[in-house]
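Read on for two forms of one protein chain; each stands alone as structure tokens, with the labels structure 1 and structure 2.
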Structure 1
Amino acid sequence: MPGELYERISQDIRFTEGLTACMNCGICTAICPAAEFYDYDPRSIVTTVQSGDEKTLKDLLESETIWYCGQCMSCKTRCPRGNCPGQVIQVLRKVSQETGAFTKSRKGRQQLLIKDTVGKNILKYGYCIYPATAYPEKHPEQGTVWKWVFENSHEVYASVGGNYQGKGPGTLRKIPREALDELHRIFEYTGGINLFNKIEEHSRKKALELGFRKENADPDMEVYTRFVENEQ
């Protein structure tokens, strides 16, 4: 029976846009990069959502499976009905985070890590990715050349005409204060900060539930973060 969750999901315009009746042809799964390397089937997710069953949706929002998609949106190109399972996933993840369901799955819990890295970069520097926080020890796959860039960032960027942390326009310039302020207010007024808070709040609850507690009874988020980072 369609209930509150389905209602929530179907209110998102990306859901309207992403799903008109699926005919289960499997064209999306056939080329889905995630379906190849994870136990993942976008077709069956769409079928589940289409069923609208409240209990099944709840399970889905708490499951690992909604976190496998890489949002490449290759599914959109091929769907003979113009659907976009990747967009349906975006909506499911949104609702999963708003309701706290994401902390029930290992992959879902990782949202905290992304908020604390990319989210922080955006608000602090105005960039999603920033040289000063792309630490080689957290990114050994970035290789020896990146380590060199990281360790000599100012000289390296300057040598190729960059303006790293400089004033005015140019590559990797410092985003002006007024611009950053506007960005912050946008996050504040459009629910961006609220989402960060939700992720934090539900993660804290989960940390307590798992027994990561400081002496003053607060959740120990440092330990929890390490736990989430290393969970297999």
Structure 2
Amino acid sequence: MPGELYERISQDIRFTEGLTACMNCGICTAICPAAEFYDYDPRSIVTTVQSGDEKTLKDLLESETIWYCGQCMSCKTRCPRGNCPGQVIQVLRKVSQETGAFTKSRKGRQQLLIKDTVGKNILKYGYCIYPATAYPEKHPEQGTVWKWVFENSHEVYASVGGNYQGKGPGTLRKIPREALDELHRIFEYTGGINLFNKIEEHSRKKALELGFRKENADPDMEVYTRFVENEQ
């Protein structure tokens, strides 16, 4: 008898569209780029979900595993039965975020950072990644070239036809306020804002549970600093 977690997962339209008739052939794992670099097996995830076992599903939602998927959807293009494990992963991630299970794993905890960057950028600027927020000191992996681009952004983007922070059409143009307001309404209507709040709430709870403080910062826990500071 399927438990509460399976019922919750199975109610998502992406689940019913992404998993219809898996025969465990393993083609999704064979084609999966993430499987080449991680201990990641889309086929076994689908098997776990199909089992409906509550404990196994709970372990999966709390694991690193569901965060390895790069959402390339190669699995959908090759599955002989038209399944899409990538969509199933989307559902698992959402349930993990809603229930707070994501705070149990290192990669899961990074959801707060993603919400604070990509999520915030979408609502504030209308872009997932926005040059003005990609500070060189926070992205040393980009090297000195990015530092130069960052410091000379308007000239650089204009040289390749961009309209960085400008009015009117063009790449990286300033998105009108009315468009941003509409984006915010879409997020509210579809539950995006509520999901952001859930990520915030569960992350804050985990930070306090761990007793994290800025003075003993650990790279894996750095994203929780602001919650503890707000408590003091």
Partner chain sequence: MKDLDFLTSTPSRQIDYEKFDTRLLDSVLENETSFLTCMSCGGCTATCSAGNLTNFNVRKIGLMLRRGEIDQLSVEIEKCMFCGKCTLVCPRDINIRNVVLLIKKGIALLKTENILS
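Here, rigid core means the biggest group of C-alpha atoms that superpose within 1.5 Å across both forms. This one's a predicted model, so the numbers in the text were calculated from it and none came from an experiment. Residue 1 is the first residue of structure 1, and the numbers go on in sequence order from there.
Here the form predicted in complex with its partner chain appears as structure 1, and structure 2 shows the other form of the same chain. Once both forms are fitted on their rigid core, the CA atom of Gly126 lies less than 2 Å apart between structures 1 and 2. Core superposition places the C-alpha of Val160 2.5 Å apart between structures 1 and 2.
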